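One chain comes next, on its own, written out as structure tokens in the form predicted alone.
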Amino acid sequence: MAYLGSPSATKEVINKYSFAFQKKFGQNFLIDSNILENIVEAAEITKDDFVLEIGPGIGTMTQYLCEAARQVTAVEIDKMLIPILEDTLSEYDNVEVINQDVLKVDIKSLTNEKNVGRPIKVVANLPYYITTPIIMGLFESGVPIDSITIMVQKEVAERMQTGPGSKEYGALSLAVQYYADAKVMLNVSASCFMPRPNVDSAVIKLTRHKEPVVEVKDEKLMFRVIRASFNQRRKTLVNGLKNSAELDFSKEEIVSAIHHIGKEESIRGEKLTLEEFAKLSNYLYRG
């Protein structure tokens, strides 16, 4: 029975192990059972599912996932949490804890071994600094993913589902749009965590597209173009692409590509849609 979703139970575990929160890992543990149940519901976890959990902490969400899923693998970077997880998850026989940085885990092999290569569901409570690398790493890895349901800072969730023209719009917005359908499932007050963070959070669900939403000749090139477009937001698209260390196109090539998609060379990257970035990179492609 999942019992950790309360302030008293969390305090008891922390005191028992004299656990010290580590700022470098962005540790904030959920202490609201309603939110935990809502996350499992939003992720649509069933007894057929293999779930990869990133950052289990003391195992609060993990307990709820174990009760809903067929199998759970939780990846935790902090070795100080491993003895705690062995304790809090001791009554579940459908969970494995891996003490490693998730960016260094071969998730493709893990998926093949645990789920015979079928699509997995990912659930995570991510600190801001690691959100983008983890999401992009999962999408780019070729791992079959059904959905990623993650708790992030509210502003990051807004950035993931925003469109051209807004100040939140950027490379992350476009990457998420390219790979998945993004939907904020619930907002979570800072008071639902221990220790209490400085900002509110949101749970966003990224459901992987079954088919590509745009035709791209070279994904990597498109994302290099996108990154270069937002690295210096105040610059025009021409200057952003021309000054990028990742690209080697001449100004003439860039201007020609921008005209090809029906835009003026004074335009900035933040005005382009995903489809326009795809057309731009396809025109620049030298295959």
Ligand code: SAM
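The first residue of the shown sequence is 1; numbering continues from there. Source: prediction; values computed, not measured.
Keep in mind that the form predicted in complex with S-adenosylmethionine (SAM) is not shown, yet the notes after this line are about it.
Against S-adenosylmethionine (SAM) in the predicted bound form, the set 27, 126 and 130 is in full contact: each member has a heavy atom within 4.5 Å.
At a distance threshold of 4.5 angstroms between non-hydrogen atoms, residue 200 is out of contact with S-adenosylmethionine (SAM) in the predicted bound form.
Using a 4.5 angstroms limit between non-hydrogen atoms, residue 166 is distant from S-adenosylmethionine (SAM) in the predicted bound form. Proximity of residue 143 to S-adenosylmethionine (SAM) in the predicted bound form falls outside the 4.5 Å heavy atom cutoff.
Interface residue remark: residue 60 is counted as part of the site for S-adenosylmethionine (SAM) in the predicted bound form, having a heavy atom within 4.5 Å. Residue in contact with S-adenosylmethionine (SAM) in the predicted bound form (any heavy atom within 4.5 Å), chosen from 206, 75, 95, 157: 75.
Checking 89, 152, 102, 174 for any heavy atom within 4.5 Å of S-adenosylmethionine (SAM) in the predicted bound form turns up a single hit: 102. Only one of 258 to 266, 218 to 226, 50 to 58, 231 to 239 places residue heavy atoms within 4.5 angstroms of S-adenosylmethionine (SAM) in the predicted bound form, namely 50 to 58.
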